[in-house]
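Starting off, we have a lone chain in the form predicted on its own, written out as structure tokens.
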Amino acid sequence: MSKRAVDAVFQALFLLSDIRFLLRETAPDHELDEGERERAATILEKVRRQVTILEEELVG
């Protein structure tokens, strides 16, 4: 596995931890306000970029 792929895995995991923290902050109902939704959308877009890197590096 390339260094780029390994870095993408770790970066995606860190970003998913940010989502986990956001969900923890909004427990128990997980009703996000507008700012939290925007924050989640930004984080998820970054996760998608990391997954794209993984697909490029691992699948071809």
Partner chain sequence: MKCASDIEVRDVEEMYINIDPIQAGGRLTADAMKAVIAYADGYSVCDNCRKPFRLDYIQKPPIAQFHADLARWLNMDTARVVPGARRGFQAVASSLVERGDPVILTSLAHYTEYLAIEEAGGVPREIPKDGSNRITADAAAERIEAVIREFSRTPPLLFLDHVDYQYGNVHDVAGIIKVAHQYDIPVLVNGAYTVGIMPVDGKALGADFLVGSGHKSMAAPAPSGVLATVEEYAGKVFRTTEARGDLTGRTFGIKEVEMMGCTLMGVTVVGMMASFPHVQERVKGWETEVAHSQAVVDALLSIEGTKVLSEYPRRHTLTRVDTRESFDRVAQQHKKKGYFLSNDLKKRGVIGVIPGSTRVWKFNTFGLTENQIRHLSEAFVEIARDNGLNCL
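Residue numbers count along the first chain shown, from 1. This is a predicted model, so every value here is computed, not measured.
A second form of this protein, the form predicted together with the partner chain, is not displayed here; the remarks below concern that form.
Q: Classify Arg20 as contacting or not contacting the partner chain in the predicted bound form by the rule of any non-hydrogen atom within 4.5 angstroms, answering yes or no.
A: It does: once the partner chain is placed as it appears in the predicted bound form, Arg20 has a heavy atom within 4.5 Å of it.
Q: Contact with the partner chain in the predicted bound form for Leu13, defined as at least one heavy atom pair within 4.5 Å: yes or no?
A: Close contact exists here: in the predicted bound form, Leu13 approaches the partner chain to within 4.5 Å, heavy atoms only.
Q: Although the partner isn't part of this model, could you tell me whether Arg37 comes within 4.5 Å of the partner chain in the predicted bound form, counting any heavy atom of the residue?
A: It does not: once the partner chain is placed as it appears in the predicted bound form, Arg37 has no heavy atom within 4.5 Å of it.
Q: Is the gap between Glu25 and the partner chain in the predicted bound form 4.5 Å or less for some heavy atom pair?
A: Looking in the predicted bound form, residue contacts with the partner chain include Glu25, since a heavy atom lies within 4.5 Å.
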